[in-house]
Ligand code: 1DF
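Next up: just one chain, as structure tokens, the form predicted alone.
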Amino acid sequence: MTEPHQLRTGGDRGYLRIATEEAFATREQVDVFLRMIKDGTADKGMVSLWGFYGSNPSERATQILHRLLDLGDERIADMDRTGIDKAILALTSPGVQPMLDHAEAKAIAARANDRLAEACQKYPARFIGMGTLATQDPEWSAHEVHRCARELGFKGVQINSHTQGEYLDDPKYDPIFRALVEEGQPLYIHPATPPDSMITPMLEAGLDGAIFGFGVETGMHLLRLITIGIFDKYPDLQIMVGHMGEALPYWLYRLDYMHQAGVRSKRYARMKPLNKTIAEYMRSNVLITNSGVAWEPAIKFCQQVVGEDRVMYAMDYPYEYEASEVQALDAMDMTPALKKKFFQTNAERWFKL
């Protein structure tokens, strides 16, 4: 077994490392979560997720919260220690989407975007921004898409899956998609804990978060959008998901077979014929990052199934921060050209860096 190599920034291995799903938080965002947990207005997922990260005294919770709140020298030092050249940053899940006071949610989202823009201006060679939206107000969110692109210099938008149990395939969210297409920017659908309508059996088993519930819920969200025909309506739209595609690449054969069977049988009113198969949309309109999955077999399978131009590196900082994972991915049995696509040039292409 070879000794772990030293991790450096600057491209000494033939590529830069661009981490495409990295999180930050603002103190006022976290304080609202804690207030909602205390006053009983939080859903079960927030109680589980932010009841832990927002107030648990364990080393994991306190360290992650500290790192989330930092957009300065400590974060840069952590990047340097693991050889991360650039981080694409977005407000941590669930953003402001669970907040019941819409005016408060919009104000916190706008301030979070401004805060991130300041950090990107301070560290322009290291930080790249994705905007956050208060999806409770789709028209406001569409305006914020434009502001983030044109005034703040951001390169995409992150939405943390469902908004109080509602999904983006609802027609009322169309202004957000229209704005993204007008700006030529990708949408990153990041996990949130499942809504109360589906979380209970996961929660009682401790499977509601990143271990399982996140992926199941977010994969379903992307599948809802594909099967409602979002890419027939917006053929140029690109949607990113993390965690190796939230399991969809591994289910593609069955997804396609059963979707086509459902369309032919007219079993479901909303399941209409589409211009392409689900697999074809995955190869033309879906982008995948490996956030939290530093696993060579999964990365290679995903490259094979959706295309080597569509799979990108992410660390998932600070929830996953392991130097050994970076070293393992550096050591993948992969051509230098493909490894450069994975770590660097795919991100540069799709985020227009």
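As the structure is a computational prediction, the values presented were derived from the model and not from experiment. For every residue, the number given is its place in the sequence shown, counted from 1.
The same protein also exists as the form predicted together with this ligand; that form is not shown, yet it is the one meant from here on.
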Within 4.5 Å of this ligand in the predicted bound form, all of R8, R13 and F127 (non-hydrogen atom)
no
At 4.5 Å between heavy atoms, is D43 in contact with this ligand in the predicted bound form?
no
Please check if H190 has a heavy atom lying within 4.5 Å of any heavy atom of this ligand in the predicted bound form.
yes
May I ask you to state whether Y281 is within 4.5 Å of this ligand in the predicted bound form, using heavy atom distances?
no
Is L49 one of the residues lying within 4.5 Å of this ligand in the predicted bound form, judged by heavy atom distances?
yes
Since the chain is shown here on its own, which stretch among 281-289, 34-42, 312-320, 299-307 would lie within 4.5 Å of this ligand in the predicted bound form, judged by heavy atoms?
312-320
Just one of R75, H221, H243, K86 has a heavy atom within 4.5 angstroms of this ligand in the predicted bound form, so which one?
H243
The one option of S141, T92, Q185, S161 with any heavy atom within 4.5 Å of this ligand in the predicted bound form is T92
